[in-house]
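Only one chain is given next, in structure tokens, and it is the form predicted on its own.
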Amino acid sequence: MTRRPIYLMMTIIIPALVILFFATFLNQGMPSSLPIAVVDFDNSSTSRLIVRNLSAGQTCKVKYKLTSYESCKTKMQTGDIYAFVVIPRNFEKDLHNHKSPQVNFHTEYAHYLAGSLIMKEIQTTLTTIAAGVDLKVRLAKGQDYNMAMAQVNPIKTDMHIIGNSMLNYSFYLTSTIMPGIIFLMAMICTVYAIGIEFKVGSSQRWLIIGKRDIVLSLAGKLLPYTVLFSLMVILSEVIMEKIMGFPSKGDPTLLYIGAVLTVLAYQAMGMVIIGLLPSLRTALSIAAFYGVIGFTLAGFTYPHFAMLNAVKPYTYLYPLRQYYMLYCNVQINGLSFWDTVMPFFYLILFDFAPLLVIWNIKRTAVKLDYERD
């Protein structure tokens, strides 16, 4: 570890940079001031009110006021805007006459998050303004206020947002990706630490130091990395809770234990990979591929229950899935240990996976049966 700077890079520098990045640059909540364009063919007080409300919102910012659909389309194709709104002629007149004027808005959904947020804000703005105009017309006709409100807004909603009441995008993204990258580095470091012994021909000496006991040799080699990566993950969790203000309803000790178990699980998978493919270059490539796929199948971006039935069983092959379940159960829902025991159970099962390949690790270490790069 002291002779090769790459170990310092994997265990300290990269995790520290990951924590710094997510705690600073990505700790801005929801994206704001996303540029959009407006074409106002009506130029009435109501249409100007729509434009002002869109600009005053947190998500959108009317960057361009254009004169045609084609110019808006060109701006969207060049990436200058994410959406544009077209207000038709006679919009205000038709609205007062209950003719349901049609407002066209086009959203670019290649950027899914930006498109979803803009569409939601535009819909909310238009619905609110339409309801206000409808109420104003009804009151002008002499209708009772309560009766008019019952017709304008017949169903009242009482919405409660659990776990992320501020709709902070960082709460959703950082809570899994930041520790997930550290877990990935733990697995890659495991593959490298064992594979480099094979590559440079020092594995026999390594076994002799470990009294020719492969279990003792692996434990002695990997335990320092277990400690370092566990400390880095726990540090990231403390920063999320104490500094970044992430939701924390349960006992954080449970999440810290889960973090250590997840580090051990990823180290176990690293041993499985290098045991099956005792070639450093190949094993590192497979480990990186396996780790990246885990972010997709963890369920924090695409819901687990919505995945294909043929895909769901494979999600249990990734420790990050269990860590994500622990985070939701403990930090968001405040469950006790016995109410969320299954993720702990699955993480412990990963530690037995190296038993399938430990014989091949020892055989390669003894015979130096290594495929040179």
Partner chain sequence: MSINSRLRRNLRENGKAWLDMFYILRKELYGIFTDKGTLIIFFVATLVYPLVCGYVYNKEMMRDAPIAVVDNNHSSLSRQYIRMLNATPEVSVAYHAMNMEEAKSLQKKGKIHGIVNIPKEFSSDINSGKQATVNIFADVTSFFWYRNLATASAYVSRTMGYGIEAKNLIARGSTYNEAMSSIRPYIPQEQTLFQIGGYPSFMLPIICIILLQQTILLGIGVLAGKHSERNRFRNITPNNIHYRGIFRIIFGRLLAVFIVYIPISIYVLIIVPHFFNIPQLYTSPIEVLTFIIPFLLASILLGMTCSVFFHHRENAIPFFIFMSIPILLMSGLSWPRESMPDFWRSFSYLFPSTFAANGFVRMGTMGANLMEISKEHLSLWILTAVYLVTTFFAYRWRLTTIWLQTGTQDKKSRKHQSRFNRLKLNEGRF
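Because the structure is a prediction, the values reported are computed rather than measured. Numbering follows the first chain given and starts at 1. Only the largest set of C-alpha atoms that superpose within 1.5 Å between the two forms is called the rigid core.
Another form, the form predicted together with its partner chain, is not on view; read the next lines as being about it.
No residue of the trio Arg52, Gln204 and Leu228 has any heavy atom within 4.5 Å of its partner chain in the predicted complex. Interface residue remark: Thr24 is counted as part of the site for its partner chain in the predicted complex, having a heavy atom within 4.5 Å. Proximity of Ile194 to its partner chain in the predicted complex falls outside the 4.5 Å heavy atom cutoff. Contact annotation: Val18 falls within 4.5 Å of its partner chain in the predicted complex, judged by heavy atom distances. Taking non-hydrogen atoms only, Asn90 never approaches its partner chain to within 4.5 angstroms in the predicted complex.
Ile129 is the sole member of Ile129, Ile257, Ile214, Ile239 with a non-hydrogen atom within 4.5 Å of its partner chain in the predicted complex.
The stretch among 257-265, 228-236, 215-223, 113-121 whose residues place heavy atoms within 4.5 Å of its partner chain in the predicted complex is 113-121. In the predicted complex, the residues of 76-110 lying within 4.5 Å of its partner chain by at least one heavy atom are, in order, Met76, Gln77, Thr78, Gly79, Asp80, Tyr82, Phe84, Phe91, Leu95, His98, Ser100, Pro101, Gln102, Val103, Asn104, Phe105, His106, Thr107, Glu108, Tyr109, Ala110. After superposition on the rigid core, displacement of the C-alpha of Glu241 between the shown form and the other one stays below 2 Å. After superposing the rigid core, the Cα of Asp251 is displaced by less than 2 Å between the shown form and the other one.
Relative to the superposed rigid core, the position of the CA of Ser202 differs between the shown form and the other one by less than 2 Å.
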